[in-house]
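In the block that follows, a single chain appears as structure tokens, in the form predicted alone.
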């Protein structure tokens, strides 16, 4: 289909904003993806202005990818799912944002992830990306576990995993615990040579920074490093706990999503692995589904 043949009134934007990146898609009336855009972090917990900029930039990149630069954002409605807006103060702040879209349908990243994973039907999800949480949407009731944010929560997430590794490496450098394969990995990743230099680099860094070396921990764990294995097993044990709690809500399906999914799944308890169903669509498509559902409700009311 030529871009000149596309009816802008049939377009929708779907946006998924997390702690590491913000991803947008533009779809047609059949929900076929025409273009994709990825920008920086979209979680307002780590900065409202940054999140707003990332949302707008990812949307523009999606339109450019689709060859639709001639269409302005204010001509297209958007479903926007964001990490952090489960907190009422952040939801209010983002909902009052003078956004650039025709309409904005704001939801939590949990809801859009669940809608995407189960194609708009009821179900449950665990998210293991930069952060972690569990969410069930059954019979119009929602149930959330975790999602408390880094560093005080988000156990089993990329940020938590990387942060635990940093703490263990510092203990190892001080010779308070046995040597670990994580030490050369993290020192090389951070481009430092000792504990003092390491602390200078990691002090005060956000969740996305620590999530960057989570996969190093999984690599070391697979190679048999005891300290890395202990971190991974603790994180996976927590995600398994989330799954069992969510399953008490009797969701028709349950999925694991997020950047850590491929590496953490083999470490989950066997009974939990057996319950998992592959997600049917990504969270950004869940944003489109949510926005269309809200539009349909508004049409019925009017």
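Positions refer to the first chain, counted from 1. These numbers come from a predicted model, not from an experiment.
Form predicted together with a further copy of the same chain: not shown, discussed below.
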{"property": "Full three-residue contact with a further copy of the same chain in the predicted complex, heavy atom 4.5 Å, for 87, 155 and 238", "result": "yes"}
{"property": "Candidate from 226, 141, 200, 96 lying within 4.5 Å of a further copy of the same chain in the predicted complex - any heavy atom", "result": "200"}
{"property": "Sole residue of 148, 189, 222, 102 within 4.5 Å of a further copy of the same chain in the predicted complex, by heavy atom", "result": "148"}
{"property": "Contact flag, residue 179 vs a further copy of the same chain in the predicted complex, heavy atom cut 4.5 Å", "result": "no"}
{"property": "a further copy of the same chain contact at residue 170 in the predicted complex, heavy atom, 4.5 Å", "result": "yes"}
{"property": "Interface membership of residue 174, a further copy of the same chain in the predicted complex, 4.5 Å heavy atom rule", "result": "yes"}
{"property": "Contact flag, residue 245 vs a further copy of the same chain in the predicted complex, heavy atom cut 4.5 Å", "result": "yes"}
{"property": "Among 123-131, 192-200, 212-220, 102-110, the region lying within 4.5 Å of a further copy of the same chain in the predicted complex by heavy atom distance", "result": "192-200"}
